[in-house]
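Below, in structure tokens: the form predicted alone, a single chain.
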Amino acid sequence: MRDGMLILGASHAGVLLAATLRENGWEEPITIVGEEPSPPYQRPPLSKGLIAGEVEPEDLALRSFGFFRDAEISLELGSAAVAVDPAGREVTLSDGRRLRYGCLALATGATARPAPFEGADLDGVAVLRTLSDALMLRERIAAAGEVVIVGAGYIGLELSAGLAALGGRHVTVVDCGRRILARAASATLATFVAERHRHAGTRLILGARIARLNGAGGRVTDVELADGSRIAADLVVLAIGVRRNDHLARVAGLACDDGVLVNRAGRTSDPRIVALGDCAVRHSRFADGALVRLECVQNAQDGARAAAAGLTGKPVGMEPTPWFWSDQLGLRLQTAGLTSGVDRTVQRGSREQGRFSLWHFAGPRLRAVETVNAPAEHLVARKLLQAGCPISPAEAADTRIDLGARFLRREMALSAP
């Protein structure tokens, strides 16, 4: 068999890379290696619809088996890659098999960060990263009266929101930070979201460090904080972030820096190897050239399209605006751009009415926009950021101005002969 494209990771990034390669005319063999036995699936619903019982595993398929068959994309599931040999262009799998490649793609994602305290191995302590994690968690939630979620990032809060909607249990979220969403949102947005969670009945304990998880008979009974206080728990969910899966790349000698270093087209320091999704890090124009590693579906999709273009000799294009989203407690939260380095924020809309946007600037330049239940403004913000259109804080705050129309007028003026 000809050596073709070998993709490590049956993820959003890996599957879209394979699909886009075929769309772009790639005729060589394509094989996707996935560590999990499940067919490739969507991850965002794991902390939302699946936990709530609104969707089932069969609803999560990224693509049908018919798609992979018709596109002649081979799936090797239930076996992880354990070594990469760039010189021999060969990958060793956990079952001992060796697969050769002409080009290799690392879409290995990330894994749940291990707990830095004792008791994480007790029965009743869970993480939420994979489909099997989510299904096990759904079973345990049904029998739990006291649930403690460790970590107030988007995953922890989405899970908290889902439990609040289900009702019938006490939910506590514990985080060492002074506010929720410390890495993912502005302080203004975080304060608004925290108020909604408290109103829904969730107890938030912030600025607290966990000493250990206590148990009896091998099963968790409570969470002990550093100040000696204890929180009763039938179930503890650890949502304390992830670690990038760049071990294979580092051992193989690829350049890494908190992820596999890539260029705009996903190329690593080995020209035959690309990396994309959660495991990849690159310089971003939206962070003034600093290295950025983004953990979101949109980044996985953008990386897949860019890598497929580069591998098939097509234009890679300009780096797209990073954007993120979360649904919780009736709130559609969306962010366009990156909030690092901002020094001024203006608001459009009304927080009291639950529909508003926050426009973040660094000096005169728009850097990011956070929206709450304002999807149209989110789309406008992405266009403005992508094109680098000048907009002042005063314009952004003035609700009398139709920013979308103004953007279109400027674009038409710039494109006029």
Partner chain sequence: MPTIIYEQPDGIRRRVDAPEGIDLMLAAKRNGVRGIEADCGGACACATCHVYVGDGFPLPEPEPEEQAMLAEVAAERLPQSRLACQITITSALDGLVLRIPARQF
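Quick caveat: nothing in here was measured; it's all calculated off a predicted structure. Residue numbers count along the first chain shown, from 1.
What comes next is about the form predicted together with its partner chain, which is not displayed.
- This chain is displayed without its partner chain, yet in the predicted complex the stretch 368-376 from 368-376, 346-354, 28-36, 388-396 comes within 4.5 Å of it by heavy atoms.
- Out of the listed residues F117, F192, F286, W323, W323 is the one that sits within 4.5 Å of its partner chain in the predicted complex by at least one heavy atom.
- The partner is absent here, but in the predicted complex a heavy atom of R332, alone among R138, R212, R98, R332, sits within 4.5 Å of its partner chain.
- Under a 4.5 angstroms non-hydrogen atom cutoff, its partner chain in the predicted complex lacks E54 among its neighbouring residues.
- Residue contact with its partner chain in the predicted complex: R382 places a heavy atom within 4.5 Å of it.
- Among heavy atoms of Q301, some come within 4.5 Å of its partner chain in the predicted complex.
- In the predicted complex, none of the heavy atoms of L254 sits within 4.5 Å of a heavy atom of its partner chain.
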